[in-house]
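Below, in structure tokens: the form predicted on its own, a single chain.
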Amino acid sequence: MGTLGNDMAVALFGGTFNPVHLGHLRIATELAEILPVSKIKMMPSGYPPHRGDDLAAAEHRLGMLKVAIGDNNPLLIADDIELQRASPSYSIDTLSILRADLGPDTSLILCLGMDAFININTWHEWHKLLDLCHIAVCSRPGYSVPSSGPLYNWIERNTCNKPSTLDKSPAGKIFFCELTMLPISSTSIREKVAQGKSIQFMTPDNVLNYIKQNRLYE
């Protein structure tokens, strides 16, 4: 648990969570333990500009996330900030809103998987992200940072080696971390549901029941 002045650092873990599964929850829990924060805000994306139309309705993805986290998890919070917008959900817009709410001095950490991070230079106004937040990058099998080029140079200029560095300033650093990667994907869960196969032990039982009750992904 870390602080910047009297303000607690805030970490964000976004995704479609379509549906949320045990891999997501494991990553979020480890991030909460590694980073200098007291909680991780898990944010279902509203209308991701890089995704197709295979999303469950926003209220269902938020509902599944809430029941997955439950009432007794002190580390994780379901946050609906991106679901409140009807337009495409750009990270720079969400971060701008949160920065305005937090003020200029609170450390804000955006958590990304390596698969997303290596394409960050295709994001809308990506070069402004570190003006608003730090970025924590989670390892992913089969993905690595580029070894040359503008993105490599940007990473080299801004990387820090210790998570404790992230609560010493409000924004501007990139931290790489190794986390437990469970071999589970939302895509495989959706496919199994559509095929009438079991998804037990891939997602919490209360999420499994939510999917059945609402006939999602059939």
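The first residue of the shown sequence is 1; numbering continues from there. Just so it is clear, the structure is predicted and the values come from calculations on it, not from any experiment.
One more form of this protein, predicted together with a small molecule, exists but is not displayed; see below.
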item	value
Whether K39, T106 and G172 all lie within 4.5 angstroms of the small molecule in the predicted complex by heavy atom	no
Proximity of C177 to the small molecule in the predicted complex, heavy atoms at 4.5 Å	no
Contact flag, I184 vs the small molecule in the predicted complex, heavy atom cut 4.5 Å	yes
Close approach of L83 to the small molecule in the predicted complex, 4.5 Å, heavy atom	no
Exercise: L112 in contact with the small molecule in the predicted complex, heavy atom 4.5 Å	yes
Residue (of I69, I27, I155, A56) lying close to the small molecule in the predicted complex, criterion heavy atoms within 4.5 Å	I27
Among 112-120, 127-135, 95-103, 70-78, the region lying within 4.5 Å of the small molecule in the predicted complex by heavy atom distance	112-120
